[in-house]
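Single chain ahead, written as structure tokens, the form predicted alone.
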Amino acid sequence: MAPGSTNRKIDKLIHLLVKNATVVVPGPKIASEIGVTRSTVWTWIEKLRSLGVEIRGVPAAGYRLVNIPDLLAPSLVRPELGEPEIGHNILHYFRTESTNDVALKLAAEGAAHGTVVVAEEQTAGRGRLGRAWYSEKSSGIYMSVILRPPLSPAAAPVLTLMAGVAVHQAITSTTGLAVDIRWPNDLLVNRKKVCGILTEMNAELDRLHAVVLGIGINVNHTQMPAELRAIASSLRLEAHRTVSRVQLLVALLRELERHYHLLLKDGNTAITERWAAASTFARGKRVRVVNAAGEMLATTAGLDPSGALRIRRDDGREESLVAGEVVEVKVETASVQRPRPA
């Protein structure tokens, strides 16, 4: 078990309560089945309650689960996946600084391909360009996946696009919301960001040792911080209903597995075509480009085979954007002046 990750016996406690959701489970039975003291059971029950899990204590009888918890616990997620590569091992944290930091450390120590790190809360979540990622407790999906693809480091951009397509499919199938993808790694609903992807890797010049895909999804946030409300939202705010995080995580892990193998089997084009079909930013979008060279206005012109975004400058020159970010520019329709009748 990774340092700081959820004790597997707590996961057994969750599984036991869910399996017996309609009955009162005696405290001594819980303690005996998971191999801890009754006082430890009480401490863990209080921990679960602090995360919003409704557990009723019945004096002199035991505990009863009031509703099925929406915790991202391995015992609730893993059985829904079958025998996958991605998600065969899920490490759960109630709280950690950054799932990407945990995953990078585990990858360096030899963690297997397909290992997933997921947290109920991050205290130092981060996105691209060193930005912080708002990680409200038990409201989002904050996860990192360790991949060991038989690819060169040049494949890293396509892996990011692959993750974006997988998230797009998972959110769409789970919520029915219309989801857009903004190059290279943001997912939007009603032009507001609901998901970001941070890809980090350990590589040599010609070999990828490990890639960590960090994915943060705003799921059941009831409000966003004031400074983010104009640009970010959550699935709950946009769908006007609570979304099952467990159901969404299961769908996401399945889509990641499917699209990862699609990439290995059919190559980059299989991913870039699906990305372009899912994104209004792929072609003909008026954008402001921000990168190390500064800022400029341009129009998107599709993806090249590597996953770079083709842009057309206003002087007609085209180039491939391999790094930076794009922001949609709203095009104002000019009013047409018609001649007055004589």
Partner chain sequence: MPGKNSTRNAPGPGRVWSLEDIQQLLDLLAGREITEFEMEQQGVKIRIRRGDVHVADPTSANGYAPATAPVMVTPSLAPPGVAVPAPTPATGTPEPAVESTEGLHIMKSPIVGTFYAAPAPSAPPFVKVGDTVQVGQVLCIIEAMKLMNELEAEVAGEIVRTYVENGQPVEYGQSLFAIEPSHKK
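Numbering follows the first chain given and starts at 1. Quantities reported herein were computed from a predicted structural model and do not represent experimental measurements.
Keep in mind that the form predicted in complex with its partner chain is missing from the display, and what follows is about it.
Only one of Gly114, Pro74, Pro149, Pro153 comes within 4.5 Å of its partner chain in the predicted bound form through a heavy atom, and that residue is Pro153. In summary, among the residues Val327, Val18, Val24, Val322, the only one with a non-hydrogen atom within 4.5 Å of its partner chain in the predicted bound form is Val322. Although the partner is absent here, Thr242 lies well away from its partner chain in the predicted bound form, with no heavy atom inside 4.5 Å.
By the criterion of a heavy atom within 4.5 Å, Trp183 is counted among the residues contacting its partner chain in the predicted bound form. Remark: Asn268 counts among the residues lining its partner chain in the predicted bound form, judged by a heavy atom distance of 4.5 Å or less. A residue is said to contact a partner when one of its heavy atoms sits within 4.5 Å of a partner heavy atom; Ile45 fails this definition for its partner chain in the predicted bound form, lying far away.
Residue heavy atoms within 4.5 Å of its partner chain in the predicted bound form occur in exactly one stretch of 260 to 268, 234 to 242, 114 to 122, 90 to 98, and that stretch is 260 to 268. In the predicted bound form, no residue of 46 to 78 lies within 4.5 Å of its partner chain by any heavy atom.
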